[in-house]
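Here you get one chain, nothing else, as C-alpha cells; it is the form predicted alone.
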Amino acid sequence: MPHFDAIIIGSGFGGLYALHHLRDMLGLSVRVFDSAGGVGGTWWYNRYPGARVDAPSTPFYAYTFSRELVEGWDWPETQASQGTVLAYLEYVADQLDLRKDIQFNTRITDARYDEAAQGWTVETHSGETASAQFLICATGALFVANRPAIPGIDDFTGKICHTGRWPHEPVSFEGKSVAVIGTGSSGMQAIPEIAKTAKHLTVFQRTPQFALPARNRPLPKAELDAFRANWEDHRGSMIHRGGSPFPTTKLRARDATAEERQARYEQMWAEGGMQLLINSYRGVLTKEALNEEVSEFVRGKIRETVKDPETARKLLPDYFIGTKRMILDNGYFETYNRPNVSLVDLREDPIETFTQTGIRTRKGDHPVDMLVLATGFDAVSGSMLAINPKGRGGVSLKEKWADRFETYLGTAIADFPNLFMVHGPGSPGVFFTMPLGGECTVNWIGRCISHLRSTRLGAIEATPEAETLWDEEIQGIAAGTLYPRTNSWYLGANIPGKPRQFLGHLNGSSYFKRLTEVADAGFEGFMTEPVR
C-alpha cells in the first residue's frame, strides 16, 4: 500500500492549489484522487448549456498567489463561461506540473483513521488503498447532484440529463419537446440556451427566482492589464473586503428620498452584476423594509420584461432578495416571450407522476422527449457525507452529523484527527470568492501541518467545545441578517431530512483573520498528540 504525507480528494480550485502548496512549497509527498476524468472539479462536470460563473468574475475568479499565472492567462469576458474556467484550470495544471500526482477516474469509497498509526487509509472504487498522515478534503461545496424522488421518474423513456452531471458528448435539443425542472442558477443559465433550438420547452418552476442582469461583455486587454498592474493591491483588498477588490457603498437609504432611491436602483441595474444588491444602499440583506423595496424594484423589472401578465405573475419571487443564491441573468426572463416556451408553476400545478412519454401534473399531461433536471446539489455537506469518513473509534461522519453539521473553523472536525476540509460547513465557502478562499484556507492547513512537524506532534483535532462555540458564532452572524427567514440550500432546505442549519460564515474577511489568530495562538481550540 503506497504511503504519502498527504492525500487530497478533489482536483478543482481547492484541490489543485492544495497539491501545489503542500508539494511544492512544503516539500510533502502528495497524491490527489478524483473521480473525474480531468482537473476542474465542478467545472469538469457542469457542462450544461449556458454554464458560467454566477458572479462578475474575471480576472478575480482565479488564483491570486502567482504573478506568472496572472500574467499568463487572458480572460476574454467579464463573466467567464464553463469552458473558459475549465481551460484555465487545465492551463494551471500544466504550468505547475500537477497532473503527475493526480489519479483521475478514481472514486474514494472509504476513508478510515488509524489511531495507532495517526493517519488515514483510503480505499477506491477499484479496491486500491493508500495511506497518509493527513487527509485534505477539497470535495467541493456544490458537487453532489440532487435528483429528486419524483414518482415514476424511472419509467420515463426519454433522455434525462442533470445539469450537475452533464454528458461530455454534444446534446441536441433540435426538434425536441424538452422539460426543465428547476430554476436555480443552473436552470436559469440553461433555459435561454435550450429554448433557442428546442421545438418546445416547458419549464417546471418550483420556486420563482430573483436575478440581476449580468451585463457580460468582452474584457479589453487594456482593462485586464490595468488590473494586473495593481494586482497585489487588488488581492489585499479582496481578502479585506469579503472577496471583492472594490469598495462597496456607504450610502444609507434613510438619507435619500424615495425618488432618489429609485434613481439609484436604476443606476445599479444599468451597471449590472451584483451592484444593486451590494452597492445601492447599506443593509439590503439586514433591513427588511429596504430589502422589500429593492425586491419590489426587481419584481417591477420582471413585469416589464415578460409580456404575458399571467406568466409574469408566476415568475415573481415572494421572499427577500439575496437570501437565496443570487443569479446573474443572461436573457432568462426574455425567454418567456418566445412562442415555444411555457411555464408550469409547481406550487399551483404540482407534478403527480412521470409517464413513459412525459410529465403528468394535477391539471394535465405534458408530452416530453427530453428531461433536464436543474435540481441543484446536496450543498456544502453533501460531498463529505458521500465519502463518509470514519474517525476515532470508527465513528462515521454520517453519525457525527446526523443532527447538526459540527465543525471548527469550517476546516476541522472533532473525533477526526488530521482531517481538513476546504470550503466545509461553517466556512465562508460560496459567500466569498472561492479560489481565493481556497488559497487562504490551504495556506492555513499548510501552516498547521508545518506546526505539527516542527514540534514532533503526530495528530491534531478540534475540541468539541470549540465546535459548539463555532456553530453558535455562525448561527449568530446569520441571525443578524434576513438569510434564515428564507428556505434555501444555505439552510439545507432543498434536501428532505437534512438538518436545518445555516451552512456558511457570512463575514469572510473576519473569518480569515480568525484563522491567523488561531494559528498565532498555538492553534487554540485544538488538541494534539505527540508522535507515537
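No experiment lies behind these values; they were computed from the predicted model shown. Just count from 1 along the sequence shown to find any residue number.
The protein also exists as the form predicted in complex with a small molecule; that form is not presented, and the subsequent description refers to it.
Check all three, Thr183, Gly187 and Gln209, heavy atom within 4.5 Å of the small molecule in the predicted complex: Yes, each of Thr183, Gly187 and Gln209 comes within 4.5 Å of the small molecule in the predicted complex.
Is Leu346 close enough to touch the small molecule in the predicted complex, meaning at least one heavy atom pair within 4.5 Å? Residue-level check for Leu346: yes, a contact with the small molecule.
Can you work out whether Asp54 and the small molecule are in contact in the predicted complex, taking contact to mean some heavy atom pair no more than 4.5 Å apart? Contact with the small molecule, yes.
Does any part of Ala374 reach within 4.5 Å of the small molecule in the predicted complex? Heavy atoms only, please. So Ala374 counts as contacting the small molecule.
Arg235 within 4.5 Å of the small molecule in the predicted complex, heavy atoms: Contact check for Arg235: no, nothing within 4.5 Å of the small molecule in the predicted complex.
Among the candidates Lys196, His240, Arg325, His451, the residue which, in the predicted complex, approaches the small molecule to within 4.5 Å (heavy atoms): The residue from Lys196, His240, Arg325, His451 that makes the contact is Arg325.
So the small molecule isn't shown here. In the predicted complex, which residue out of Thr58, Ser35, Thr481, Asn494 has a non-hydrogen atom within 4.5 Å of it? If I apply the 4.5 Å criterion carefully, the residue I get is Asn494.
Can you pick the stretch from 96 to 104, 442 to 450, 140 to 148, 303 to 311 whose heavy atoms fall within 4.5 Å of the small molecule in the predicted complex? Of the stretches listed, the one contacting the partner is 140 to 148.
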